[in-house]
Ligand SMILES: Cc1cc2nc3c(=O)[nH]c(=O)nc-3n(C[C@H](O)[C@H](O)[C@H](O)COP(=O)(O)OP(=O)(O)OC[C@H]3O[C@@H](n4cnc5c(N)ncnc54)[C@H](O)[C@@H]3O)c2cc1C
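We begin with a single chain expressed as structure tokens, specifically the form predicted on its own.
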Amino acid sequence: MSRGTGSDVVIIGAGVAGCATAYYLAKEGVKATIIERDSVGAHASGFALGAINPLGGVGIPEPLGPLSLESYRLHTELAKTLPQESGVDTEFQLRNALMVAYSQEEAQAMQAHLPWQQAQDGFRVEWESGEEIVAMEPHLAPGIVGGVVMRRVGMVSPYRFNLALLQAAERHGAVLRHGRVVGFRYQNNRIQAVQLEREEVPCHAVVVAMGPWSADASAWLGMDIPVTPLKGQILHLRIGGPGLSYISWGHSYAVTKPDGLVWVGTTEERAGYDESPSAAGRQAIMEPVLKALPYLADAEVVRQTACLRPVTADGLPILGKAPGKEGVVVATGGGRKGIHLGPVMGRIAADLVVHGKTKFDIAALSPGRTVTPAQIAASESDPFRF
């Protein structure tokens, strides 16, 4: 086996978690090599919606609330610095978001979150009646029970954001290379090298950020990395008239993005590693969208995309040091909020590599944690999925 060029840190995966880790390592003056078998943002990190909603989602307010708010703060900071550092416009915007309830059960679930949401500084969150929601967004059909209006929710271009993180990291010395990882080499349980198909890359630390393929690292770590793919499809529609606010309900959403198209989604499919857009997916998206926004019946479908989100049984990321292994950090499982959580996951992974610790409480996200049936049920019933 030949030996490649060594690196302080090897990051496996050029999705948002891997590129954010490389970026924050570069800020610390640490040389990182990102190994990617495809290309930057080639999967979920390049094809997601890109909503940055810190006040809702699985695990919020506990245990993810502080990390969610910090990642939002990092996004607003990066929106100012990344374009200059990378030369890439990430299309970051602050938008109003309408979270719509079509039943009393949905309304009650949303209202249960309001006290915490309204207590967060810098945000304005209000409950509005169905009539008030429709007045704000006249394209919505009647029948809405009510909804939550959030102001200052972020929106970003996922691919551009991922690319900007990478290019900024490269300007500080990070290296992206193509390859397929097949194993790790240890000495007394301390990482020595990452093994590729035809060579190995010596290193002092490894960050596993392989998205829905993270389970492949289970054998290399001697422990289960329980991440599975959850397929999501998005339609990009062209229609005239004013743009839409960011609207979400159930598993669905619609928003006009800077490209002028209305992005609507999404599906949640257990389809293995099939990333192909499908006619069934298109139908599954459009049925609820046309009930809520019937004017889109006249829209032209410009593009249909699909990607695989990395999800865990409890809906929480896996973030922390690999138990029993020195120099190995796992940063994966961002799920439906991977773009939103990417910066804080990268910041924490970099902290663990450089300093061996982080100021954030990540005990609930530890690799090898036990997941209860109640946690699984909670992750599947959250009213703020995106």
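All values derive from a computational prediction rather than experimental measurement. Don't overthink the numbering: it's just position in the shown sequence, from 1.
Omitted from view is the form predicted in complex with the named molecule, to which the following refers.
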{"query": "L308: touches the named molecule in the predicted complex, heavy atom cutoff 4.5 angstroms", "finding": "yes"}
{"query": "Partner contact for T266 in the predicted complex: the named molecule, 4.5 angstroms, heavy atom", "finding": "yes"}
{"query": "The named molecule contact at L55 in the predicted complex, heavy atom, 4.5 Å", "finding": "no"}
{"query": "Non-hydrogen atom contact Q233 with the named molecule in the predicted complex at 4.5 angstroms", "finding": "yes"}
{"query": "Options 335 to 343, 59 to 67, 348 to 356, 313 to 321; stretch whose heavy atom lies within 4.5 Å of the named molecule in the predicted complex", "finding": "335 to 343"}
{"query": "Residue (of W127, W220, W249, Y159) lying close to the named molecule in the predicted complex, criterion heavy atoms within 4.5 Å", "finding": "W220"}
{"query": "Residues in 201 to 215 with any heavy atom within 4.5 Å of the named molecule in the predicted complex", "finding": "A209, M210, G211, P212, W213"}
